[in-house]
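Only one chain comes next, encoded as structure tokens, the form predicted alone.
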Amino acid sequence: MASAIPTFTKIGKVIRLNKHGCTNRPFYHIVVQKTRDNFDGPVIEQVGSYDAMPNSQHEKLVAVNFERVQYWLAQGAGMSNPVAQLLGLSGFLPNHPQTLIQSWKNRREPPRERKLQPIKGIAPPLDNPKI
């Protein structure tokens, strides 16, 4: 007997970040892969890109094809945590809980003040009498 409630079966696909670029200059493609494939395995489809290094305006650039992401999510594909955080920040999904926790930690942590330690044997500079 068939159930009236539709069931979604896992299709074994996941939307994840695939690293490209150099050691000191990471660049990521947002791709759809089989769950069991490693990160360098064959890619089914590339649905976006993410540049993790800030540019001259201190922006991290993200480009996403939301129609294809919506298609793969409707097909039952899973999503990695970094991709869920990016899509949450873009407004496509609700904010990921890890993003909210990190922003809360950043807000609660007071800025650190560094005190200059005087070096013994050297006279302090004349323009800074506090040392």
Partner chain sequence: MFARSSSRIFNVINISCIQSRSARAWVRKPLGSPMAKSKMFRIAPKKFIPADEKAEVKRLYDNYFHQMKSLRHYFFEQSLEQAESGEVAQMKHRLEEEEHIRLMEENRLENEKTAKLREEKLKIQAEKTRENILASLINKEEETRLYEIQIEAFLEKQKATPFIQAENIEKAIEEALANPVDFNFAIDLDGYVYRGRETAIEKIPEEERERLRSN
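Quantities reported herein were computed from a predicted structural model and do not represent experimental measurements. Positions refer to the first chain, counted from 1.
Heads up, the form predicted together with its partner chain isn't pictured, but that's what we're talking about next.
*Asks:* Please name which of the stretches 100-108, 44-52, 28-36, 57-65 has residues with heavy atoms lying within 4.5 Å of its partner chain in the model of the complex.
*Replies:* Checking each option against the 4.5 Å cut-off leaves 100-108.
*Asks:* My question is simply whether Pro82 lines the interface with its partner chain in the model of the complex - judged by any non-hydrogen atom within 4.5 Å.
*Replies:* No, Pro82 is distant from the partner.
*Asks:* Would Gly12 sit within 4.5 Å of its partner chain in the model of the complex, counting heavy atoms only?
*Replies:* Answer no; every heavy atom of Gly12 is more than 4.5 Å from its partner chain in the model of the complex.
*Asks:* Does Ser90 reach its partner chain in the model of the complex if we count a contact as any heavy atom within 4.5 Å?
*Replies:* No, Ser90 sits far enough from its partner chain in the model of the complex that none of its heavy atoms falls within 4.5 Å.
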